[in-house]
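As C-alpha coordinates, one chain now follows by itself in the form predicted alone.
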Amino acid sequence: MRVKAPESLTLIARAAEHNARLAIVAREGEFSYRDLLDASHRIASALLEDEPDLREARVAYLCEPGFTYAAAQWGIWRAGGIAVPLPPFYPEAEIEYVLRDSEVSRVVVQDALSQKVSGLAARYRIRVLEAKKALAAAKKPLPAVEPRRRAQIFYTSGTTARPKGAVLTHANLEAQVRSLVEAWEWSSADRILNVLPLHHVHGVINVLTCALWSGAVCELMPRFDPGEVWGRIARGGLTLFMAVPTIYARLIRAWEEADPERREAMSQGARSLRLMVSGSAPLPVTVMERWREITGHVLLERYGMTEIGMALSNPLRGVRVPGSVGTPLPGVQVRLVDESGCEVPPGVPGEIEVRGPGVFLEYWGRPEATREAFRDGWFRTGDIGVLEEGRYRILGRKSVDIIKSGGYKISAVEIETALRGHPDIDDCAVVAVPDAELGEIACAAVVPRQGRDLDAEDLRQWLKERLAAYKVPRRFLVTRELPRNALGKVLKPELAARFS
(Lines give C-alpha, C1' and ligand atoms only; values in the text may rest on other atoms or scores of the structure.)
Protein backbone atom coordinates (compact mmCIF):
# COMPACT_ATOMS: atom_id res chain seq x y z
CA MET A 1 0.00 0.00 0.00
CA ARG A 2 1.31 3.42 -0.92
CA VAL A 3 1.52 5.81 2.02
CA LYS A 4 1.72 9.53 1.26
CA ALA A 5 3.89 11.52 3.66
CA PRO A 6 2.60 14.91 4.80
CA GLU A 7 4.50 17.68 3.05
CA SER A 8 5.07 19.71 6.23
CA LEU A 9 8.69 20.60 5.44
CA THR A 10 9.22 22.96 2.52
CA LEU A 11 12.31 21.08 1.33
CA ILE A 12 10.31 17.85 1.04
CA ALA A 13 7.41 19.58 -0.70
CA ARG A 14 9.76 21.13 -3.24
CA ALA A 15 11.42 17.76 -3.89
CA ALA A 16 8.00 16.29 -4.70
CA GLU A 17 7.57 18.99 -7.36
CA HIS A 18 10.89 18.04 -9.00
CA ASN A 19 10.04 14.32 -8.77
CA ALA A 20 11.62 12.64 -11.83
CA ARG A 21 14.45 15.15 -12.20
CA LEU A 22 17.97 13.96 -11.47
CA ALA A 23 18.99 14.91 -7.91
CA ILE A 24 22.18 13.10 -6.90
CA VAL A 25 25.09 11.53 -8.73
CA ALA A 26 27.44 9.53 -6.51
CA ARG A 27 29.51 6.39 -6.38
CA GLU A 28 26.27 4.45 -5.74
CA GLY A 29 24.76 5.63 -9.04
CA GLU A 30 22.31 8.27 -10.28
CA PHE A 31 19.16 9.08 -8.31
CA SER A 32 16.07 11.23 -8.90
CA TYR A 33 14.15 13.34 -6.43
CA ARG A 34 11.52 10.58 -6.45
CA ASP A 35 14.23 8.12 -5.39
CA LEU A 36 15.32 10.43 -2.59
CA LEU A 37 11.78 10.88 -1.32
CA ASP A 38 11.14 7.14 -1.37
CA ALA A 39 14.43 6.23 0.34
CA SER A 40 14.10 8.89 3.04
CA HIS A 41 10.51 7.80 3.71
CA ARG A 42 11.66 4.22 4.25
CA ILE A 43 14.51 5.27 6.56
CA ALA A 44 12.10 7.47 8.52
CA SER A 45 9.72 4.53 8.87
CA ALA A 46 12.52 2.27 10.11
CA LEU A 47 13.58 4.90 12.64
CA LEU A 48 10.05 5.32 13.96
CA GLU A 49 9.41 1.61 14.44
CA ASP A 50 6.19 1.69 16.53
CA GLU A 51 6.40 5.38 17.47
CA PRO A 52 4.35 8.06 15.67
CA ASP A 53 7.01 10.77 16.06
CA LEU A 54 10.64 10.87 17.25
CA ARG A 55 9.87 14.20 18.96
CA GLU A 56 13.36 15.64 18.49
CA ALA A 57 15.28 12.53 19.55
CA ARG A 58 18.90 12.85 18.43
CA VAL A 59 19.79 10.49 15.59
CA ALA A 60 23.38 10.23 14.39
CA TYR A 61 24.22 9.14 10.86
CA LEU A 62 27.54 7.77 9.67
CA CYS A 63 27.61 7.63 5.88
CA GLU A 64 30.05 8.43 3.09
CA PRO A 65 29.10 11.46 0.98
CA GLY A 66 26.50 10.18 -1.46
CA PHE A 67 22.88 9.20 -1.91
CA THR A 68 22.67 7.23 1.34
CA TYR A 69 23.92 10.24 3.28
CA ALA A 70 21.18 12.49 1.88
CA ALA A 71 18.49 9.83 2.35
CA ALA A 72 19.55 9.28 5.98
CA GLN A 73 19.52 13.00 6.78
CA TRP A 74 16.11 13.52 5.19
CA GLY A 75 14.81 10.35 6.85
CA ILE A 76 15.79 11.64 10.29
CA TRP A 77 14.08 14.97 9.60
CA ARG A 78 10.91 13.34 8.26
CA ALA A 79 10.67 11.09 11.33
CA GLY A 80 10.80 14.15 13.59
CA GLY A 81 14.35 13.62 14.80
CA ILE A 82 17.39 15.86 15.09
CA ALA A 83 20.14 14.86 12.65
CA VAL A 84 23.70 14.58 14.02
CA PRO A 85 26.32 13.87 11.30
CA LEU A 86 29.35 11.72 12.12
CA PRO A 87 32.33 12.19 9.77
CA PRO A 88 33.64 8.82 8.48
CA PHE A 89 37.23 9.93 9.19
CA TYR A 90 36.60 10.71 12.88
CA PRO A 91 38.59 8.57 15.34
CA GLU A 92 36.59 6.57 17.86
CA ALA A 93 37.21 9.05 20.69
CA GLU A 94 35.68 11.91 18.67
CA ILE A 95 32.68 9.81 17.64
CA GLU A 96 32.16 8.83 21.27
CA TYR A 97 32.26 12.47 22.33
CA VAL A 98 29.56 13.48 19.82
CA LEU A 99 27.34 10.49 20.67
CA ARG A 100 27.53 11.20 24.40
CA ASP A 101 27.33 14.99 24.22
CA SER A 102 24.24 15.02 21.97
CA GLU A 103 22.64 12.08 23.83
CA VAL A 104 22.06 10.10 20.66
CA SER A 105 19.41 7.37 20.86
CA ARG A 106 19.79 5.93 17.37
CA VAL A 107 22.43 5.83 14.66
CA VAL A 108 22.01 5.14 10.94
CA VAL A 109 25.20 3.63 9.55
CA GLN A 110 26.38 2.50 6.15
CA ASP A 111 27.36 -1.15 6.25
CA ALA A 112 31.05 -0.57 5.47
CA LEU A 113 31.34 1.85 8.42
CA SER A 114 29.42 -0.16 11.04
CA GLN A 115 32.57 -1.20 12.92
CA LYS A 116 33.27 2.44 13.81
CA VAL A 117 30.12 2.64 15.96
CA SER A 118 29.09 -0.92 16.87
CA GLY A 119 31.14 -1.08 20.08
CA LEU A 120 30.14 2.42 21.20
CA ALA A 121 26.49 1.74 20.43
CA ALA A 122 26.53 -1.37 22.58
CA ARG A 123 28.27 0.48 25.43
CA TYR A 124 25.76 3.33 25.48
CA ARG A 125 22.68 1.33 24.45
CA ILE A 126 22.21 3.16 21.18
CA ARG A 127 20.01 1.51 18.58
CA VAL A 128 21.88 0.85 15.32
CA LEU A 129 20.08 0.85 11.99
CA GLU A 130 22.02 -0.47 9.04
CA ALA A 131 21.26 1.79 6.10
CA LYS A 132 20.78 -1.09 3.67
CA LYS A 133 18.06 -2.65 5.81
CA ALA A 134 16.45 0.69 6.57
CA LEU A 135 16.21 1.43 2.84
CA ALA A 136 14.14 -1.74 2.45
CA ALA A 137 11.70 -0.95 5.29
CA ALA A 138 7.98 -0.77 4.63
CA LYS A 139 6.65 2.78 4.45
CA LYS A 140 4.33 4.02 7.17
CA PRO A 141 2.61 7.36 7.91
CA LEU A 142 5.06 10.05 8.95
CA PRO A 143 4.53 12.88 11.43
CA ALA A 144 3.98 16.51 10.54
CA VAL A 145 7.18 18.41 11.39
CA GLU A 146 6.82 22.10 12.14
CA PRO A 147 9.54 24.53 10.99
CA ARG A 148 10.26 25.71 14.54
CA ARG A 149 11.36 22.23 15.60
CA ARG A 150 15.05 21.38 15.98
CA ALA A 151 16.51 19.81 12.84
CA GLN A 152 20.31 19.55 12.96
CA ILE A 153 23.26 19.65 15.34
CA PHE A 154 26.58 20.74 13.84
CA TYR A 155 29.62 20.51 16.10
CA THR A 156 31.88 23.55 16.11
CA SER A 157 35.61 23.25 15.52
CA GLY A 158 36.35 23.83 19.19
CA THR A 159 39.14 26.45 18.97
CA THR A 160 38.83 27.42 22.64
CA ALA A 161 37.42 24.24 24.25
CA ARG A 162 35.74 20.93 23.38
CA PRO A 163 33.39 21.30 20.39
CA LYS A 164 29.88 22.51 21.15
CA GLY A 165 26.78 21.29 19.35
CA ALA A 166 25.09 24.16 17.52
CA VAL A 167 21.36 23.42 17.15
CA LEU A 168 19.52 24.69 14.07
CA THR A 169 15.78 24.49 13.55
CA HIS A 170 14.14 23.68 10.24
CA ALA A 171 13.26 27.38 10.01
CA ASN A 172 16.94 28.30 10.53
CA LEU A 173 18.03 25.96 7.75
CA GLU A 174 15.33 27.22 5.40
CA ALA A 175 16.34 30.85 6.02
CA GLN A 176 20.00 30.06 5.30
CA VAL A 177 19.14 28.26 2.07
CA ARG A 178 16.70 30.92 0.84
CA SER A 179 19.32 33.61 1.43
CA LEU A 180 21.99 31.82 -0.64
CA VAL A 181 19.60 30.73 -3.38
CA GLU A 182 18.57 34.37 -3.85
CA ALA A 183 22.08 35.84 -3.63
CA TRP A 184 23.80 33.28 -5.86
CA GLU A 185 20.83 32.73 -8.18
CA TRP A 186 20.48 28.99 -7.81
CA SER A 187 18.07 27.28 -10.22
CA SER A 188 17.04 23.82 -11.39
CA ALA A 189 19.47 24.24 -14.31
CA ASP A 190 22.45 24.13 -11.93
CA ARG A 191 24.82 21.23 -11.43
CA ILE A 192 27.39 21.33 -8.63
CA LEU A 193 30.30 19.09 -7.68
CA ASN A 194 30.81 18.59 -3.94
CA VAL A 195 34.23 17.59 -2.58
CA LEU A 196 33.70 18.96 0.93
CA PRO A 197 33.12 16.85 4.06
CA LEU A 198 29.46 16.64 5.05
CA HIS A 199 29.50 17.56 8.73
CA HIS A 200 29.72 21.36 8.44
CA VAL A 201 27.44 24.00 6.95
CA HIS A 202 29.76 24.57 3.96
CA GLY A 203 29.13 21.17 2.40
CA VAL A 204 25.76 20.32 3.96
CA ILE A 205 23.93 23.65 3.52
CA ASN A 206 25.81 25.75 0.93
CA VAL A 207 26.22 22.86 -1.48
CA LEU A 208 23.96 19.85 -0.89
CA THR A 209 20.84 21.47 0.57
CA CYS A 210 20.91 24.52 -1.71
CA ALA A 211 21.14 22.20 -4.71
CA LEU A 212 18.28 19.95 -3.57
CA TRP A 213 16.13 22.94 -2.62
CA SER A 214 16.58 24.31 -6.14
CA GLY A 215 15.87 21.12 -8.06
CA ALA A 216 19.49 21.09 -9.21
CA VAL A 217 21.91 18.16 -9.51
CA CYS A 218 24.53 17.53 -6.85
CA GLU A 219 27.46 15.28 -7.71
CA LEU A 220 29.12 13.92 -4.56
CA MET A 221 32.69 12.68 -4.41
CA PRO A 222 33.61 10.53 -1.39
CA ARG A 223 36.76 12.59 -0.82
CA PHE A 224 38.85 15.28 -2.46
CA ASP A 225 41.36 14.19 -5.08
CA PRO A 226 42.88 16.94 -7.30
CA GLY A 227 43.20 14.71 -10.36
CA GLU A 228 39.64 13.42 -10.12
CA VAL A 229 38.23 16.90 -9.55
CA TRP A 230 40.06 18.33 -12.55
CA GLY A 231 38.94 15.35 -14.61
CA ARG A 232 35.31 16.03 -13.77
CA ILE A 233 35.64 19.77 -14.38
CA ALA A 234 37.31 19.12 -17.74
CA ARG A 235 34.39 16.96 -18.88
CA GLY A 236 32.10 19.99 -18.62
CA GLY A 237 28.47 20.30 -17.61
CA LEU A 238 29.04 21.78 -14.15
CA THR A 239 27.77 25.25 -13.27
CA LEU A 240 28.99 25.73 -9.68
CA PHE A 241 31.92 24.72 -7.49
CA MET A 242 32.62 25.59 -3.86
CA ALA A 243 35.72 24.83 -1.83
CA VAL A 244 38.18 26.07 0.77
CA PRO A 245 41.39 27.95 -0.11
CA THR A 246 43.56 24.88 0.52
CA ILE A 247 41.63 22.93 -2.11
CA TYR A 248 42.08 25.72 -4.66
CA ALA A 249 45.82 25.82 -3.86
CA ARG A 250 46.09 22.06 -4.46
CA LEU A 251 44.12 22.33 -7.69
CA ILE A 252 46.49 25.06 -8.86
CA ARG A 253 49.47 22.84 -8.10
CA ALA A 254 47.90 19.92 -10.00
CA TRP A 255 47.21 22.20 -12.98
CA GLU A 256 50.82 23.40 -13.00
CA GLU A 257 52.08 19.80 -12.98
CA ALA A 258 49.90 18.79 -15.95
CA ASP A 259 51.04 18.80 -19.58
CA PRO A 260 49.94 21.70 -21.85
CA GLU A 261 47.15 19.78 -23.59
CA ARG A 262 45.71 18.64 -20.30
CA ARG A 263 45.97 22.16 -18.86
CA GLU A 264 43.90 23.58 -21.71
CA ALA A 265 41.14 21.02 -21.16
CA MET A 266 41.12 21.75 -17.42
CA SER A 267 40.98 25.51 -17.91
CA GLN A 268 38.31 25.30 -20.58
CA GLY A 269 36.12 23.14 -18.33
CA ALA A 270 36.48 25.59 -15.44
CA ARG A 271 35.69 28.59 -17.63
CA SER A 272 32.30 27.05 -18.47
CA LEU A 273 31.11 27.27 -14.84
CA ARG A 274 28.99 30.28 -13.87
CA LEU A 275 30.24 30.58 -10.25
CA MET A 276 33.14 29.40 -8.10
CA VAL A 277 33.09 30.16 -4.36
CA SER A 278 35.79 30.11 -1.67
CA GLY A 279 35.18 30.13 2.07
CA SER A 280 35.80 28.71 5.56
CA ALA A 281 39.24 30.37 5.69
CA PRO A 282 40.89 33.55 4.36
CA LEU A 283 41.66 33.35 0.64
CA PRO A 284 45.26 34.41 -0.10
CA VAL A 285 45.37 37.05 -2.83
CA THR A 286 48.03 35.02 -4.65
CA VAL A 287 45.65 32.05 -4.87
CA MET A 288 42.82 34.28 -6.10
CA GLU A 289 45.01 35.86 -8.77
CA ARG A 290 46.52 32.57 -9.94
CA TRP A 291 43.06 30.96 -10.12
CA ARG A 292 41.87 33.86 -12.29
CA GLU A 293 44.85 33.35 -14.61
CA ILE A 294 44.09 29.64 -14.94
CA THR A 295 40.30 29.68 -15.17
CA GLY A 296 39.13 33.25 -15.78
CA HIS A 297 37.16 33.12 -12.51
CA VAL A 298 37.43 35.68 -9.73
CA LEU A 299 36.59 33.48 -6.76
CA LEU A 300 33.64 34.72 -4.74
CA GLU A 301 34.64 35.02 -1.07
CA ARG A 302 32.00 34.84 1.62
CA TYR A 303 31.93 34.74 5.42
CA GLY A 304 29.98 32.49 7.74
CA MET A 305 30.25 30.03 10.60
CA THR A 306 28.51 27.05 12.15
CA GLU A 307 26.14 29.09 14.30
CA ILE A 308 24.93 31.52 11.64
CA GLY A 309 25.35 29.88 8.27
CA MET A 310 26.50 32.49 5.75
CA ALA A 311 26.34 36.17 6.74
CA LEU A 312 28.45 38.12 4.23
CA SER A 313 29.21 37.61 0.56
CA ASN A 314 30.88 39.32 -2.34
CA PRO A 315 28.39 39.94 -5.17
CA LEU A 316 27.45 37.41 -7.79
CA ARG A 317 27.30 40.29 -10.24
CA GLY A 318 29.65 43.14 -9.51
CA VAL A 319 33.16 43.85 -8.29
CA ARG A 320 34.78 41.32 -5.96
CA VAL A 321 37.52 42.94 -3.93
CA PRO A 322 40.46 40.72 -2.84
CA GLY A 323 40.58 40.39 0.94
CA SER A 324 36.94 41.46 1.29
CA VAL A 325 33.98 39.27 2.21
CA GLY A 326 31.46 41.72 0.83
CA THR A 327 28.16 42.80 2.30
CA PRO A 328 25.31 41.16 4.30
CA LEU A 329 23.35 38.46 2.51
CA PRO A 330 19.56 38.77 2.10
CA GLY A 331 17.79 38.58 5.46
CA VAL A 332 21.00 38.99 7.47
CA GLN A 333 21.91 41.95 9.69
CA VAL A 334 25.54 42.61 10.61
CA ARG A 335 27.16 45.16 12.94
CA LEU A 336 30.62 45.83 14.38
CA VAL A 337 30.93 46.65 18.08
CA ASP A 338 33.65 47.52 20.59
CA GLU A 339 34.29 45.62 23.82
CA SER A 340 31.39 47.40 25.55
CA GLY A 341 28.93 46.49 22.80
CA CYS A 342 28.75 49.95 21.21
CA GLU A 343 28.76 50.10 17.40
CA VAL A 344 31.98 51.38 15.84
CA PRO A 345 32.17 53.62 12.76
CA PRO A 346 33.53 52.53 9.36
CA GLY A 347 37.29 52.07 9.35
CA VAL A 348 37.41 51.07 13.02
CA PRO A 349 37.86 47.34 13.84
CA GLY A 350 35.14 45.73 15.92
CA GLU A 351 33.66 42.37 16.79
CA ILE A 352 31.22 41.05 14.19
CA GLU A 353 27.72 40.48 15.52
CA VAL A 354 24.94 38.92 13.45
CA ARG A 355 21.16 38.81 13.66
CA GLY A 356 18.60 37.12 11.43
CA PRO A 357 16.31 34.08 10.99
CA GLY A 358 19.24 31.84 10.04
CA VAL A 359 21.05 32.26 13.38
CA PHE A 360 21.11 29.03 15.40
CA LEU A 361 18.80 28.31 18.34
CA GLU A 362 21.21 27.15 21.06
CA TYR A 363 24.26 25.13 22.04
CA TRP A 364 23.01 21.66 22.92
CA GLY A 365 22.97 21.15 26.70
CA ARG A 366 24.86 24.40 27.38
CA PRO A 367 22.38 27.11 28.41
CA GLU A 368 25.09 29.31 29.95
CA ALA A 369 27.23 29.18 26.79
CA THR A 370 24.12 30.01 24.75
CA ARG A 371 23.36 33.07 26.89
CA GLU A 372 26.97 34.26 26.65
CA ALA A 373 26.88 33.89 22.84
CA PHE A 374 24.20 36.58 22.44
CA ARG A 375 24.02 40.28 23.25
CA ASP A 376 20.60 41.94 22.95
CA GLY A 377 19.54 39.38 20.35
CA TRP A 378 22.77 39.64 18.33
CA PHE A 379 25.07 36.62 18.02
CA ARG A 380 28.63 37.44 19.05
CA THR A 381 30.84 35.73 16.47
CA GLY A 382 34.17 36.32 18.20
CA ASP A 383 35.60 37.48 14.87
CA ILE A 384 37.07 40.93 14.36
CA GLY A 385 36.27 42.82 11.17
CA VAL A 386 36.37 46.29 9.70
CA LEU A 387 34.00 48.07 7.28
CA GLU A 388 35.89 49.80 4.47
CA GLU A 389 34.17 51.50 1.52
CA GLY A 390 30.96 49.63 2.26
CA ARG A 391 32.60 46.19 2.36
CA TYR A 392 33.63 44.01 5.28
CA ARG A 393 37.11 42.64 5.79
CA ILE A 394 37.92 39.95 8.38
CA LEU A 395 40.92 40.56 10.64
CA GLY A 396 40.73 37.28 12.54
CA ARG A 397 39.47 35.55 15.67
CA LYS A 398 39.28 37.79 18.71
CA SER A 399 40.70 35.00 20.91
CA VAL A 400 43.65 33.83 18.80
CA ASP A 401 44.25 36.04 15.75
CA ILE A 402 44.39 39.47 17.39
CA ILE A 403 47.81 40.03 18.97
CA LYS A 404 48.05 42.80 21.56
CA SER A 405 51.56 44.21 21.39
CA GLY A 406 52.66 47.46 23.04
CA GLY A 407 49.20 48.99 22.82
CA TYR A 408 48.66 47.91 19.20
CA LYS A 409 46.13 45.31 18.04
CA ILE A 410 47.82 43.28 15.32
CA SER A 411 45.91 40.98 12.95
CA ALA A 412 47.72 37.69 12.51
CA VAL A 413 45.49 37.01 9.48
CA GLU A 414 46.68 40.14 7.68
CA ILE A 415 50.33 39.23 8.23
CA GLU A 416 49.72 35.65 7.07
CA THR A 417 47.96 36.92 3.95
CA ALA A 418 50.92 39.15 3.14
CA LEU A 419 53.47 36.38 3.77
CA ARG A 420 51.62 33.98 1.48
CA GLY A 421 52.16 36.49 -1.29
CA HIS A 422 55.95 36.01 -1.03
CA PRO A 423 57.22 34.06 -4.04
CA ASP A 424 59.45 31.83 -1.89
CA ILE A 425 56.89 30.92 0.82
CA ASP A 426 54.68 27.84 0.59
CA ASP A 427 52.83 28.22 3.91
CA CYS A 428 52.96 30.17 7.16
CA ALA A 429 51.42 30.71 10.59
CA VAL A 430 51.59 33.91 12.65
CA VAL A 431 51.21 33.53 16.40
CA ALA A 432 51.59 35.48 19.62
CA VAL A 433 54.53 34.84 21.94
CA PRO A 434 54.58 36.33 25.45
CA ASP A 435 56.97 39.29 25.89
CA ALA A 436 57.91 40.95 29.19
CA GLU A 437 58.02 44.45 27.71
CA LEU A 438 55.25 44.48 25.09
CA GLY A 439 52.90 41.84 26.52
CA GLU A 440 52.86 39.89 23.27
CA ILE A 441 54.88 39.97 20.08
CA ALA A 442 53.95 38.62 16.67
CA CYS A 443 56.05 35.71 15.44
CA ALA A 444 55.88 33.91 12.13
CA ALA A 445 56.65 30.31 11.22
CA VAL A 446 57.22 30.03 7.47
CA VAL A 447 57.65 27.07 5.14
CA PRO A 448 59.86 27.85 2.12
CA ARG A 449 58.97 26.56 -1.31
CA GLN A 450 60.95 23.55 -2.40
CA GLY A 451 64.51 24.52 -3.30
CA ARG A 452 64.20 28.09 -1.98
CA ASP A 453 66.11 29.74 0.86
CA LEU A 454 64.68 32.34 3.21
CA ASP A 455 66.37 34.92 5.40
CA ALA A 456 64.58 36.32 8.46
CA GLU A 457 65.82 39.89 7.98
CA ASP A 458 64.93 39.90 4.29
CA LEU A 459 61.41 38.72 5.19
CA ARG A 460 61.09 41.47 7.78
CA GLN A 461 62.03 44.16 5.25
CA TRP A 462 59.78 42.64 2.60
CA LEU A 463 56.82 42.75 5.00
CA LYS A 464 57.53 46.35 6.02
CA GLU A 465 57.17 47.41 2.40
CA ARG A 466 53.76 45.76 2.14
CA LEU A 467 52.39 46.54 5.58
CA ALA A 468 53.22 50.22 5.82
CA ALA A 469 53.04 51.66 9.36
CA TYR A 470 52.14 48.21 10.63
CA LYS A 471 53.79 46.07 13.28
CA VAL A 472 55.57 43.15 11.61
CA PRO A 473 56.78 39.97 13.34
CA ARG A 474 59.78 40.43 15.60
CA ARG A 475 60.88 36.82 15.18
CA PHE A 476 60.81 34.31 12.36
CA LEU A 477 61.19 30.55 12.30
CA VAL A 478 62.03 28.95 8.96
CA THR A 479 60.86 25.34 9.04
CA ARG A 480 60.17 22.54 6.60
CA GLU A 481 56.75 21.87 8.14
CA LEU A 482 54.50 24.03 10.26
CA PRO A 483 54.34 22.75 13.84
CA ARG A 484 50.91 21.43 14.74
CA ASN A 485 50.59 23.85 17.63
CA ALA A 486 51.57 26.78 15.40
CA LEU A 487 48.63 25.95 13.16
CA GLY A 488 46.45 25.91 16.26
CA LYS A 489 47.72 29.40 17.09
CA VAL A 490 49.30 28.31 20.39
CA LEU A 491 53.05 28.25 20.92
CA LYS A 492 54.66 26.31 23.74
CA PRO A 493 57.68 27.97 25.37
CA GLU A 494 60.13 25.48 23.89
CA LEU A 495 58.87 26.26 20.38
CA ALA A 496 58.87 29.99 20.99
CA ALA A 497 62.54 29.74 21.96
CA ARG A 498 63.30 28.42 18.46
CA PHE A 499 62.27 31.69 16.83
CA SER A 500 65.28 33.79 15.86
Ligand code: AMP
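As the structure is a prediction and not an experimental result, all values here were calculated from the model. Quick note: we count residues from 1 along the sequence shown, nothing fancier.
Note that the form predicted together with the ligand isn't included here; everything after this is about it.
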item: Output flag, 301, 306 and 397 jointly within 4.5 Å of the ligand in the predicted bound form, heavy atom basis; value: yes
item: Residue stretch of 369-377, 178-186, 279-287, 228-236 approaching the ligand in the predicted bound form, non-hydrogen atom distance within 4.5 Å; value: 279-287
item: Among the candidates 383, 426, 174, 416, the residue which, in the predicted bound form, approaches the ligand to within 4.5 Å (heavy atoms); value: 383
item: One residue of 292, 133, 404, 271 in contact with the ligand, assessed in the predicted bound form (non-hydrogen atom, 4.5 angstroms); value: 404
item: 4.5 Å heavy atom contact, residue 156 to the ligand in the predicted bound form; value: yes
item: The ligand contact in the predicted bound form: residue 210, any heavy atom under 4.5 Å; value: no
item: Non-hydrogen atom contact residue 412 with the ligand in the predicted bound form at 4.5 angstroms; value: no
item: Non-hydrogen atom contact residue 354 with the ligand in the predicted bound form at 4.5 angstroms; value: no
